[in-house]
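Okay, so here's just one chain, in structure tokens, the form predicted alone.
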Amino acid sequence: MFMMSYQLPEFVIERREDKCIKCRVCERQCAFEGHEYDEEFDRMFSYEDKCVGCQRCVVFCPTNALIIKPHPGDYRPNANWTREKLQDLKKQAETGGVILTGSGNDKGYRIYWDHLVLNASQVTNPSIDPLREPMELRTFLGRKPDSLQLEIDGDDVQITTELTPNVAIETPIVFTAMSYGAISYQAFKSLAMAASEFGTLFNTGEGGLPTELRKYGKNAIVQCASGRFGVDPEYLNCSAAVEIKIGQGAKPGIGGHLPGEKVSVWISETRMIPEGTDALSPAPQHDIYSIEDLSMLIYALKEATNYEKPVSVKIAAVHNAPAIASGMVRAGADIIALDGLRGGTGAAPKIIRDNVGIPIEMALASVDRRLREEGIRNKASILVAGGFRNSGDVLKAIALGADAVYIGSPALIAMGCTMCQKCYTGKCNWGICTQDPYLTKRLNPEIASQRLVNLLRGWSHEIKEMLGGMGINAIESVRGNRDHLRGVGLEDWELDVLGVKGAGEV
């Protein structure tokens, strides 16, 4: 039975007929079929109900004949029943399904990075010129000893303390978990190439690591998630670190789903599942129902990797994250990965992405404080994700207690993403979140990886500039040092949770 849609179009497509040369580039570039050439009328037609606002057609139009902008039509103003709420209800009335979305939380929750400012050197503590003096951004991820025992024999100094595995990265920025399947092979390879070239890490996500890309393993954090997709001894041992994924910021408490139509023969081989079948990740890891269970898996993975790799445990940022993190460290985790509610996703129920979890700033500050109070902060590094937009956010996170940050959305944007939030459709016009061969070839890994390297280089330069302005020459000196932060426009309870003073306080 035909059911007419009652939804307003999201975008308006304006075509300047005096500029349009009917080259049909827009038609070929739009996987959502928003443009069509009619031979009978010898003109291009556009379908606004199909437009997702990705701007691909606008960028590639050779005559700049197209403009895509939000649809001005609206309903009667109502603070409770906004256009978005009405549209979501109409969509569910038409489909009877769960509303899915991609990318991160786009709601107006307070972004605490924008309410924190950094300190700067003036007279008594002179600034440092990063162009003329060395700046140390190298970061070590993993468990640290309580103290170092040294044996000194003349000029020969040896460390006698038994050290646990650590991974060195040249910048405190790591590419977050984005699995092969959720993103294209080209995008996945671009992340691996960029991490290898710059000396940092990329996270495989829960989709495994293709055999031919395992040469980048020394720069990979390999994930062991609830579905155990692609997990084998070689996968674990080719890596720099292993991560147990329990939760993620965009969908705390639920599992994952890669539709069967995206499980190609290559993804089938990598994930070790039948071609064309849905890849369903259970919500829990069915062998983890307590901290003791988690400890068993951590040490099983350490045993499988000959105790040569640090093991990370990733959870979503939730209300009791500090207590959970304490248990994780005591269970043997070498790295605690926290993912906040602004974390991105390829596909998640919109209602969960927008309403579950807490901001990463609050979770990070609380976890760092709890581990310090218990005297175990050195037992694990903290990696945080979920809403990092620039190098300023990164440095503020480190001052709040992070060892390094995960970035996902900035990396995708660097490769061409425009945040149209339609990742779950598999029709990404930029060749990033799709397995369609016609679309994936739009992304050149050589070019995309260079754009990612440029992003890391630019952010790293900016971090060095900020450190120099603070009179500091090593990132280690900022880590967890809240004296370098001040809050602006925050309530007392917010300042208390963050552990920072208000601007102007001494």
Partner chain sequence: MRILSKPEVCIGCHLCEIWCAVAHSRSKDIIKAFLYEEPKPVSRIVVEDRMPVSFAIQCRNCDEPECVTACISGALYKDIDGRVVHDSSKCVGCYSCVMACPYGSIRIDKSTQKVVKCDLCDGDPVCVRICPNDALMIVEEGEAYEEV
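If you're wondering where the values come from, they're calculated on a predicted model, not measured in any experiment. Residue numbers count along the first chain shown, from 1.
Although it is not shown, the form predicted in complex with the partner chain is what the next lines describe.
Visitor: Using heavy atoms and a 4.5 Å limit, would one call H35 a contact residue for the partner chain in the model of the complex?
Guide: Looking in the model of the complex, residue contacts with the partner chain do not include H35, since no heavy atom lies within 4.5 Å.
Visitor: Contact between Q55 and the partner chain in the model of the complex at 4.5 Å, heavy atoms?
Guide: No, Q55 is distant from the partner.
Visitor: Is R479 near the partner chain? Define near as a heavy atom within 4.5 Å, in the model of the complex.
Guide: Because no heavy atom of R479 falls inside 4.5 Å of the partner chain in the model of the complex, the answer is no.
Visitor: Taking the partner chain as it sits in the model of the complex, is P70 in contact with it (heavy atom to heavy atom, 4.5 Å or less)?
Guide: Because no heavy atom of P70 falls inside 4.5 Å of the partner chain in the model of the complex, the answer is no.
Visitor: Which one, 469-477, 455-463, 437-445, 45-53, holds residues whose non-hydrogen atoms are within 4.5 Å of the partner chain in the model of the complex?
Guide: Only one stretch qualifies here: 437-445.
Visitor: Identify which of K251, K350, K189, K262 has a heavy atom within 4.5 Å of the partner chain in the model of the complex; exactly one of them does.
Guide: By the 4.5 Å heavy-atom cutoff, the listed residue in contact is K189.
Visitor: Counting only heavy atoms, which residues in 39-64 are within 4.5 Å of the partner chain in the model of the complex?
Guide: Result: R56, F60, P62, T63.
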